[in-house]
Every structure is written in C-alpha cells, then in structure tokens.
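Only one chain is included here, represented as structure tokens and corresponding to the form predicted on its own.
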Amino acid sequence: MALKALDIYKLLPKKNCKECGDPTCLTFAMKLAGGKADVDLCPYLDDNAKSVLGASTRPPIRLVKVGVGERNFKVGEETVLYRHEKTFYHPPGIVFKVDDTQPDEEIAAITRRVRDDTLTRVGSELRFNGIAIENTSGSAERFAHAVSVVEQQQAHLPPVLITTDPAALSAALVHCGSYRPLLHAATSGNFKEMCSLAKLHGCPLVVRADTAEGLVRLVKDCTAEGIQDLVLDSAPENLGAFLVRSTQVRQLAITRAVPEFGYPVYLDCEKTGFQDAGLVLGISKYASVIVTRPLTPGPAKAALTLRQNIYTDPQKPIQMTPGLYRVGTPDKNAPVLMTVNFSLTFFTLQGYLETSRVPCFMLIVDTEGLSVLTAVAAGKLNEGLVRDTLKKFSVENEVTHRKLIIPGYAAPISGRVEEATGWKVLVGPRDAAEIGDYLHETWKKEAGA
C-alpha cells in the first residue's frame, strides 16, 4: 500500500534544507505521497529509505514507451481504478493489425492511412498510433518482408510484432529493431529467447498467459532476465474474460497487492470475437495497447472520440486560451461576440459562426473552463471580468462601434456589463445553432441603426 505523508515524513532527514526545491521536509513528504516528486531529489536519504520510499511513492503501474520519435506513445503510470477519483493519464495506443499474408499494396495502404489520418476535435489532433504485423504465415521470411513493407512507407509508426517464434521475430527486427517495437509475446515456452531479443534491441515485451498465476510467474522470469518494460496479455477468450481479468489486474496493481501486475495491459480485439465491442471495452476498462483490424471511418471516429473523452480529466474542463479570435476576415464594423473559454462552447460557436459566413470577432473570457450557464451561476462570469477582458485585448482598437453580443444564458448580467464597460450589450440566442440567423437579421438591423 502507498505510504501516507506523515509516514513518509518519518523517513526523511527533517533538515528542512530546501535542496529538494521545497521549503520543508513535510512539504516534500506531501508531494511524495501525491506522486508529484521523486525521492532522488533529497540528497540526504540513505539507501534503505530510498528503497522503501521508491517502492511506495512511484506509480503502481510502470510507464512503458513504445516506438521512437514524434509518433511514439507511452502507456501505464496510472494510479486509480475509476477516473473520477483522480484521472487517467496515458491514453491507450490503438494499433491497426495486418497479416504478413496480405498483399504488399494492402499493407502499405493501411500503413499510410495510420500515418496520415487525423481527426480534429475540440482543438486536439486525434490519431491512431501504430501498425501491428502478425506472423500468420508461419514463415520468418514472409514476416520480415511484411515488416519491411510497413517501414518502406516512411511512416515512423510504433510497430507491434506478433509472433511466438523467436526466429521470425529476429528476422523482423532486422528491419525495425531501432524503432523500439513492442514484441508479442513471451510465453512459458519461449521467454528466454524473447527476453534475449528484447534486451538486444531495447524493446518492451508482452508476456502472455491465460491465468493470473501464469502471468505472475512470467513477469518474475522476464524481470530476472533483465527486462523491465513489460506489458501484460491475459489471453482473454471473450469479452467477459477480458473484463474480469483486466479489472483484477488493475485492482491488484494500484493497491500494490501483487507488484507483478504493475504493468500496462494488452488487448487484441479480434481474439475476443467482437472487434468493435472489444475496442470500446478496452478503451473503457484498462487496456493500454489495443490491437484491432482497420476500422471504417464511422467506428474510427467513434473510437478516437471515446478515447479522448475517457482520458480527459473529469475534474478539469478543457479550456481555451482567453483572447480575441477572428472568424473569417472581420473589418472595423464586424460584430464582437463574447463567450467563455470552455472548449466545447468555443468550438461549437466557432463552427456555427463559420457556417454563417459573417466575419466577426470572438472575445473569449476566462471562466476557468466553465460553461456559460455554470459560470453565471457561480459568479465567474461577471461585469468585471468582461470589462477587464475588453481592455486587456484592446478590443476598442479593432472595431469602430461599441456593441457587444453576449450569450443568451448571460442575459442576467447584461445591464451590469453595460454599466461597467460603456458598451451597448446585445443578448444573443441561447442556442448557438441560432447565431447565424441572429447575425443576418438582428445584427444587420443593429449595425445599420
């Protein structure tokens, strides 16, 4: 179990030397308890204290990196069972699988798709993460050739190499060993050879067993061989088995009851018999590396959206940077629309404004990511904030008029905003979908008055 701050404090030197960067040892202890500091920052800890504190304060699930360069992804380092307790930190890598028996042009096309496809949602660029190549042919030569076809696309995508044959894996690593591929999988029958290849090429390694005892034994065997970056495959035969096993692994890992379970989890959706459902369950229930057959556009967007939602901090709204944003090429007579910095509000309004084809300014005020209605109710959206934001971004220099359109849900503060700013306040619609009609009708009348 993780130590509490006072338990950690008892192991510290209590010098209050500030060399760790904190004013007191108690402050440092509180950071260690929260996983926000490293024990190595204290220069006066003895080896025994470092060993005790290191085991207790480091994240219970090891961080594992797959791939190199800009497209690498990191998984693990999670600390909770439910995201509302804190948050989930590292989104699962979703990897498209190809077989080495597929035609070269088909493998190349799938690789290019993973390389190039991007979904832009609430200001984030969402992508799939890599390519898994499975040795279904049983031929080391064919497996190596398929891996070379992937690498010829210059995609620099993290590879996942799926085979239990060390000879086939060795042949494939000739083409991508320097790209830090994830190797799948070490079993009770081949772990020594697989560990040797993983160590030689500096690769993370999947261990696969269909029982908890088997996984624990394999983890011990592989760590004894010097492999630290491991991923767990519980070999689920169906979705129910995956749910039970992944939840068990997560529970025992975060409570540190079974340290050997303190690694990210692997899921091959196809092996469960329900690819799309497996993908949804994997994203929601603790899979860190998810292998799936290439998805059609609809399910692909749904999967990326679900992953973004699950791995967004539920206690911290996604926020936009406050400021004055341009939609189109607004001139000195363009309308100014004020709204909050909750990202969903921003992008929804921006989309409708672009559709209206009315060039305008968006004035974004800082409500700490709260929506309009919530910010008004909480007092975060008030006349002082609007006044200060108008001044901060020199809006009066951008337009000749002094007219400000505020959201319909901000109507209760319209009079106070007028008094505080000296601007005429116009109350816009409550529904952003109506903003186009509002600009074409109400604003044109107001601008011509």
Partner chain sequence: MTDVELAKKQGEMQLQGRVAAISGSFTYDETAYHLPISFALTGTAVHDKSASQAVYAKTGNNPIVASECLLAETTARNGKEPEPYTGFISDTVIRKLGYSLVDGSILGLALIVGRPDSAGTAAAICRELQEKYMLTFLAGEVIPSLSSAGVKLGLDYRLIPLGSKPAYGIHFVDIIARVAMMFGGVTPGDTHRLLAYAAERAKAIVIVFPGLTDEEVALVDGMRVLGFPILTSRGYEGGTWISAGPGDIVRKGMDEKGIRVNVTAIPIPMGCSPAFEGKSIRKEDMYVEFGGGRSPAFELLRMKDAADITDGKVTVIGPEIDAMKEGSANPLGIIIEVSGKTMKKDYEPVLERRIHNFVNYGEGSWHVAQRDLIWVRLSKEAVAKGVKIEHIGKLLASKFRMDFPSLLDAVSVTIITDPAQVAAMKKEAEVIYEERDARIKGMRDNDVSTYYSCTLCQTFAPNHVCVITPERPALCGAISWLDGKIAYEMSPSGANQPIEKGTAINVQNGEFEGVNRFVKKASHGEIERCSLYSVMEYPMTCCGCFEAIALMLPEVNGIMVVNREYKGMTPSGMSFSTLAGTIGGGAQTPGFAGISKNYVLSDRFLQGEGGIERLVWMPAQLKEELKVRLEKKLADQGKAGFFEKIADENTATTIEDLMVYLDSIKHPALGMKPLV
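Numbering follows the first chain given and starts at 1. From a predicted model like this one, the values you see are computed outputs, not experimental measurements. Here, rigid core means the biggest group of C-alpha atoms that superpose within 1.5 Å across both forms.
The same protein has a further form, the form predicted together with its partner chain, not shown here; the description that follows concerns it.
Q: Is it the case that Lys391, even though its partner is missing from this view, gets within 4.5 Å of its partner chain in the predicted bound form, heavy atoms only?
A: Lys391: no contact with its partner chain in the predicted bound form.
Q: Can Ser51 be called a contact residue for its partner chain in the predicted bound form at 4.5 Å between heavy atoms?
A: Output for Ser51 is no: heavy atoms all beyond 4.5 Å of its partner chain.
Q: Answer yes if any heavy atom of Pro59 is within 4.5 Å of a heavy atom of its partner chain in the predicted bound form; otherwise answer no.
A: Looking in the predicted bound form, residue contacts with its partner chain do not include Pro59, since no heavy atom lies within 4.5 Å.
Q: If you check in the predicted bound form, is Ala432 within 4.5 Å of its partner chain, heavy atoms only?
A: No, Ala432 sits far enough from its partner chain in the predicted bound form that none of its heavy atoms falls within 4.5 Å.
Q: Which pick from Val68, Ala411, Leu63, Leu41 sits with a heavy atom within 4.5 Å of its partner chain in the predicted bound form?
A: Contact with its partner chain in the predicted bound form is made by Ala411 alone.
Q: Tell me which stretch of 413-421, 394-402, 381-389, 42-50 has a heavy atom within 4.5 angstroms of its partner chain in the predicted bound form.
A: One stretch meets the cut-off, namely 413-421.
Q: Taking 2 Å as the cut-off, check whether the CA of Lys65 shifts that much or more between the shown form and the other one after a rigid core fit.
A: After core superposition, the C-alpha of Lys65 moves less than 2 Å between the shown form and the other one.
Q: Does the C-alpha of Ala109 move 2 Å or more between the shown form and the other one once the rigid core is lined up?
A: It does not, since the Ala109 C-alpha is displaced less than 2 Å between the shown form and the other one after the core fit.
Q: Comparing between the shown form and the other one on the rigid core, is the C-alpha shift at Thr79 2 Å or larger?
A: After core superposition, the C-alpha of Thr79 moves less than 2 Å between the shown form and the other one.
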